[in-house]
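In structure tokens, one chain follows: the form predicted on its own.
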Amino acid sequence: MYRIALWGFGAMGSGIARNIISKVDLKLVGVHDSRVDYVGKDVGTLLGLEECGVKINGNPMEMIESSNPDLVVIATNSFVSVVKDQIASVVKKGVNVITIAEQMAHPFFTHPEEAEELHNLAVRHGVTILGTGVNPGFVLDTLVIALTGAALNVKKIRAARINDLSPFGPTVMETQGVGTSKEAFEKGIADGSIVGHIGFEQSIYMIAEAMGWTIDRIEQERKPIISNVLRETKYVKVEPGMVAGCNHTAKAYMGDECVIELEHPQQVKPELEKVDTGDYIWIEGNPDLSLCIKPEIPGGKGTIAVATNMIPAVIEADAGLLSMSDLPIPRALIGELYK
């Protein structure tokens, strides 16, 4: 039985908590969230379940010390600059970490200094750090790498994820520019407050490292998806003429040859404008290979599943900062109940 604690109880964190509670080999022992209206309340009650005896703690270090977990799942933010100190504080307690921060999926090229610091810290304390989720972490990298295993050789990789953003919380909506005007979207792209999909670089470098390719440059493009209809989720309202999402593409080159091409148009409520979702992979090589998943792997459930299912592998892994390509392929954990 693995003892698991959670840092962050938002849209993804609460889903991960619910999933952990349902698993035979996992035990939720602690949860931290900073919202004062949550502190002191039973996690089960907040999830609409029976009381589980775990109450929200407003102090993360106090939560870890009192719950003595084997691993902490950090579900707070997408960026290395925000989660680095959170991860380090857990590692210094001698506790393993899984974070769903997209930039942590493979930070060795995009954030080399931070990655080296965290890796050395993890090794020194004998624990493991993994950044993962549905994407990056699975669809546009781990699944791509797995599919190349059936090829004699590979010349080029192309993949696309056309998905529904609706399950995600305010942080993701803000980084995608959802609910802004076209002008505000362009301004946000210019000043860096709107970034589109976070993780293309991480996925590209993860794939390239697995293939033994050296990437010389990456070109990216972000365009707003303007809604023609009213779209509304729990976290955002999009009026006609406002931005419903971002069409983000990335191309990676070795010399003048594009060897990896990723596309990720994502938006809230795509079905309202008859947009079919799906995950697609095309391998150009010997033989040519393709994979189609329709509709797409649900973003929220996929992130919750991958983060939860990787817990045993991370706890049992060698110490250090790892990526999904370093670990066994994910597989579903047995649950006490199916919901």
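Don't overthink the numbering: it's just position in the shown sequence, from 1. Given the structure is predicted, the values throughout are model-derived calculations rather than measurements.
FYI, the form predicted in complex with another copy of the chain isn't displayed, but the following is about it.
With the partner omitted here, the residue from N59, N286, S66, T45 that has a non-hydrogen atom within 4.5 angstroms of another copy of the chain in the predicted complex is N286.
Of the residues I189, V123, I145, A88, just one reaches another copy of the chain in the predicted complex with a heavy atom at 4.5 Å or closer; this is I145. The closest non-hydrogen atom of I297 lies within 4.5 Å of another copy of the chain in the predicted complex. Although the partner is absent here, S34 lies well away from another copy of the chain in the predicted complex, with no heavy atom inside 4.5 Å. Among residues of the shown chain, F138 is one whose heavy atoms approach another copy of the chain to within 4.5 Å in the predicted complex. Within this chain, A11 is remote from the site of another copy of the chain in the predicted complex, having no heavy atom within 4.5 Å. Picking from 268-276, 26-34, 305-313, 47-55 the stretch near another copy of the chain in the predicted complex, with a 4.5 Å limit on heavy atoms, gives 305-313. Three-residue candidate spot L152, V259 and I293; every residue lies within 4.5 angstroms of another copy of the chain in the predicted complex by at least one non-hydrogen atom. Along 194-222, residues A210, M211, G212, W213 each place a heavy atom within 4.5 Å of another copy of the chain in the predicted complex.
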